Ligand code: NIG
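First comes one chain, alone, set out as structure tokens in the form predicted on its own.
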């Protein structure tokens, strides 16, 4: 028997219903319902309307009434489509050295950089990595993030990458948020691998890919395309093998130099992430594709570099998602709402564009079409902010947090 719940009255409910995947959005495009209610049937939204209308027309369903006192704004649950929250150790020393003017090479020679995290993650047990992932996912959930992508990439060997992905899988049933795993074994060439970049990727594709399918560890393959990581040429057979086996492709692209976005388009990737170095050429290429460009403001803040040209991509007709890139090195903050607000300030993004970027547009990059909007048939994932108007959310730049977080029709925070 279906279980119904009716929540309200909600001062302002932002549906995001029927907004497009691509292109610029004006705040006037936001569809809202005043003094609204949300009728939930099990895990999904059955209907949104005014609270009084829903109360009057659903008596035969005998919904559980959850009456709110005070002002609330309802928005869809946030989707963070790019994180690295499964890791061991800390890179606080890197952060201090970087801010003191040390270069990437100087930090690496001093024992820092990605390899430092690889070393600490390899030392951690699978159970420790599971618990680390749970703790970070729960912190994200408390701030309204109900769906979280989680990458591997700090194991960098067959056994260690599988350990990470198994830890993510173990964490999944222990958290209320949905965790979406991604294999990022193509992060950098491991120092201890006896061979070149091509040989390493061949080993991963031959030995890891089949186990990902067999154990249902991930259906997404990512690669860092950069001079210090993997070139277009060497990653091509790797992505070809991934596509042959039915994996979705996503790309760390154009972070420090351009080329990754071209690979993303070539393989019809679901997203191209970073793009801080993208020029007009890459912007046009992405905007004329169905690829979502994912801005990672946390990395720009952590590294002190330019932001993704989100304004230009949107104005060119492209789709832009916003993700936290939560990782121990370049983006340790892990606050999606704060990062989105800051990106909006520097890129002059409307609140509609910011909301779309952390809800339905981000969900699209994960091939999830059942969340990110407050409308009939969507998952009942939503946040209730203790305020009277949606503009207050980004105005407070992450300091106004949800008072209630709902996931799959259940209050979880």
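None of these values were measured; they are calculated from a predicted model. Positions refer to the first chain, counted from 1.
Only in words, not in the display: the form predicted in complex with the named molecule, which the text now covers.
- A heavy atom within 4.5 Å of the named molecule in the model of the complex is found for exactly one of 147, 133, 121, 327: 327.
- Here is the short version: of 261, 339, 255, 250, the single residue with a heavy atom within 4.5 Å of the named molecule in the model of the complex is 255.
- Although the partner is absent here, residue 166 sits far enough away that none of its heavy atoms falls within 4.5 Å of the named molecule in the model of the complex.
- The named molecule in the model of the complex is approached by residue 224, whose closest heavy atom lies within 4.5 angstroms of it.
- Residue contact with the named molecule in the model of the complex: residue 154 places a heavy atom within 4.5 Å of it.
- Contact between residue 220 and the named molecule in the model of the complex is not found at the 4.5 Å heavy atom cutoff.
- Of the candidate stretches 203-211, 277-285, 313-321, 76-84, only 76-84 has residues whose heavy atoms lie within 4.5 Å of the named molecule in the model of the complex.
- Heavy atoms closer than or equal to 4.5 Å to the named molecule in the model of the complex belong, across 81-117, to the residues 82, 84, 91, 104, 114, ordered by sequence position.
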